[in-house]
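Presented as structure tokens, the chain that follows is alone, the form predicted alone.
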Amino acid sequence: MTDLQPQGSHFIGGRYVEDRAGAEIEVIYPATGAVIARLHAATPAIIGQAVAAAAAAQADWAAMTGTERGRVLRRAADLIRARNRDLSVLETHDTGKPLQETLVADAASGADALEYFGGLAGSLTGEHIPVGGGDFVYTTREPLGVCLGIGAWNYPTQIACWKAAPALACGNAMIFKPSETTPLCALKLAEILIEAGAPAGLFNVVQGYGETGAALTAHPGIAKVSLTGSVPTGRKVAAQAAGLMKHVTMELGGKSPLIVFEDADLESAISAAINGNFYSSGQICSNGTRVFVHRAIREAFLSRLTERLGHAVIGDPLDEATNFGPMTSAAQLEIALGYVAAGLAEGARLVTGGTRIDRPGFWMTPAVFADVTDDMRIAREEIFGPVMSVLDFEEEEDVITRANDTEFGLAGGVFTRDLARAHRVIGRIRAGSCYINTYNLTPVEAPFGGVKASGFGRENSREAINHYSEVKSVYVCLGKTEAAF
């Protein structure tokens, strides 16, 4: 067993906890296929222990001032930044993403979230509302209680922080269930929060498969569920939580449009298409996988895109020169390769890539399809892998209609030098997170989330505070109260 093996599968009440009665979870390094750690899924006893620890810690945490809570979160952010390289190496082992990427996009993003919400914590006050006759109403913002975060496997550290930071800032406690595919990183966040001064039990990590998430969602001690995951999983969790009248945030999948007009800066548009399809080996929910390119520049776009993809460095993810890594799991690799086969079968033209790489681990070359039509599976279904579909268009009205013709609504982007057209088009795209002349940037200061099947609620920014707290209004009468009898 390597030194990546944690001291226990779960982190509850400020310490590592193990229960080997739970189903085994093998942690596989995607670059080689080797098992690097073994954990165990939560038993009912573990789940009960985590909820009890979180409830006890939450009462004390909520009694602190927002400024005191914020101080802890900001210390945690400092600790993450100080250990960014070690945390990034762990993230690379967990996900297979290149170290070049994890050094800037994972733990660092989590630290930004903790710092931002730590700064907001002391400002979460209510308002005074005059209502006439000298009476008034005042409001207070109160925590929900124990929140459940369910993470996806593509950004384990970032997602844990994106959920924990606003939840804790508002005075809640959190139980976080990572994906069974990438279970290691959240444990380090739990350690860091304790070191930063968080009460034992405030942030607990519970491992497991889907049934663990379902058991936690159903637990009466859980007040809110925040899921990042696929649409099918989201539908199940949302339905279960709604039946129990729990607060819910759903950050789900997408099949987002990236529209490139004929006057676009070609190099910037191609950069956005590369980032929006091949960063993290295409395993990002907001990716712009339907790239609508104006027919006048289509061939120039495809030619230059193919040339630039030839410069991708596919190799050891721990080598900082590598900029394209493996898929995170064997199952996801097979899904992506299956869509390549489907694209070819339906008549799309494979411009480049789309082949399995003959080496240990879960590798394929980045694929680009041209001559894609709106009814093809590769243009309609979320692939969650490095497969780009390029579609032609000529008229603005037509491309807007086609861009919106999807069950999803997570993101969308437009490239044009005509800013009036940029704002006009993006204003009609039905998506929660949109971009003009860039793509897939997610600063913590900006809300992130989708519409339609892509989910509801928002992460990051002040908007997230609304999803981890509830408002109490208090009517104050300064005169007498009368009745009809």
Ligand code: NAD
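Note that the coordinates shown come from a computational prediction; the quantities given were computed from them, not determined experimentally. So that there is no doubt, residue numbering starts at 1 and follows the sequence shown.
A second form of this protein, the form predicted in complex with nicotinamide-adenine-dinucleotide (NAD), is not displayed here; the remarks below concern that form.
- In summary, the binding site of this form is open: after superposition of the surrounding C-alphas, nicotinamide-adenine-dinucleotide (NAD) from its pose in the predicted complex has no atom within 2.4 Å of backbone or C-beta atoms.
- Interface membership of Lys236, defined by any non-hydrogen atom within 4.5 Å of nicotinamide-adenine-dinucleotide (NAD) in the predicted complex, is confirmed.
- By the criterion of a heavy atom within 4.5 Å, Asp316 is excluded from the residues contacting nicotinamide-adenine-dinucleotide (NAD) in the predicted complex.
- In the predicted complex, nicotinamide-adenine-dinucleotide (NAD) stays beyond 4.5 Å of every heavy atom belonging to Phe415.
- At a distance threshold of 4.5 angstroms between non-hydrogen atoms, Ser179 is in contact with nicotinamide-adenine-dinucleotide (NAD) in the predicted complex.
- Partner proximity in the predicted complex, defined as non-hydrogen atoms within 4.5 angstroms of nicotinamide-adenine-dinucleotide (NAD), places exactly one of 262-270, 206-214, 164-172, 349-357 at the interface: 206-214.
- Note on contacts: among Asn154, Thr406, Thr92, Thr322, the single residue with a heavy atom within 4.5 Å of nicotinamide-adenine-dinucleotide (NAD) in the predicted complex is Asn154.
- Between the options Ile150, Ile378, Leu120, Leu391, the residue in contact with nicotinamide-adenine-dinucleotide (NAD) in the predicted complex by a heavy atom within 4.5 angstroms is Ile150.
- Three-residue candidate spot Thr228, Gly253 and Phe384; every residue lies within 4.5 angstroms of nicotinamide-adenine-dinucleotide (NAD) in the predicted complex by at least one non-hydrogen atom.
- Although nicotinamide-adenine-dinucleotide (NAD) is not shown here, in the predicted complex the stretch 394-416 places heavy atoms of just one residue, Leu410, within 4.5 Å of it.
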